[in-house]
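Single chain ahead, written as structure tokens, the form predicted alone.
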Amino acid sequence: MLATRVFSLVGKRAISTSVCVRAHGSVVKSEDYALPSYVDRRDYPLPDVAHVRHLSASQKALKEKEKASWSSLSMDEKVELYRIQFKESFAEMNRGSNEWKTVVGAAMFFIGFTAILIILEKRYVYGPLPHTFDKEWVAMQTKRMLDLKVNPVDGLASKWDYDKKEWKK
């Protein structure tokens, strides 16, 4: 029974990945991603397939003319042959884009939004600082720690000269 269930699931998966059924009843063949595809990338300069897969009549004639001597081809025909094989040249791939402006703008927006939240929290959420942050309180606390000789080996008390009543130099 388990084997029947597994095989039915595998069969349904195989059918669902090979054919897509639309809501209005027509069956559409899905793209087969196992076949090679065209990509323009600097690190992969020679794609597995040409950019133009379905050639027009003039492109087919140009491909036939390509089989002869290349010296008989004009510069425009050579460029057209290049455009059949590749979508962009390396110079076009390396051309800068304005995407960085969007990224910097979005980053600045979120930094500004965060700054506004912090300001609002400091103003409306947090209370006043406790009295233990006052300079007088810190001075009294430090004096008490020195009087108690807290951590005399390598702590605060080790840096205080008890004879001269000042910090060691």
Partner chain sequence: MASEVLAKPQMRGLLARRLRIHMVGAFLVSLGVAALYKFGVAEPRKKAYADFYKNYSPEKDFEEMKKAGIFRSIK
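Positions refer to the first chain, counted from 1. A quick note: this is a predicted structure, and the numbers were derived from the prediction, not measured.
The same protein also exists as the form predicted in complex with the partner chain; that form is not shown, yet it is the one meant from here on.
Tell me, yes or no, whether M93 is in contact with the partner chain in the predicted bound form, where a contact means a heavy atom of each within 4.5 Å. Flag for M93 set to no.
Give a yes or no for D147: in the predicted bound form, does one of its heavy atoms lie within 4.5 Å of a heavy atom belonging to the partner chain? D147: yes, in contact with the partner chain in the predicted bound form.
Heavy atoms within 4.5 Å of the partner chain in the predicted bound form is the criterion; list the residues of 60-77 that meet it. If the 4.5 Å heavy-atom criterion is applied to the partner chain in the predicted bound form, 60-77 yields only M75.
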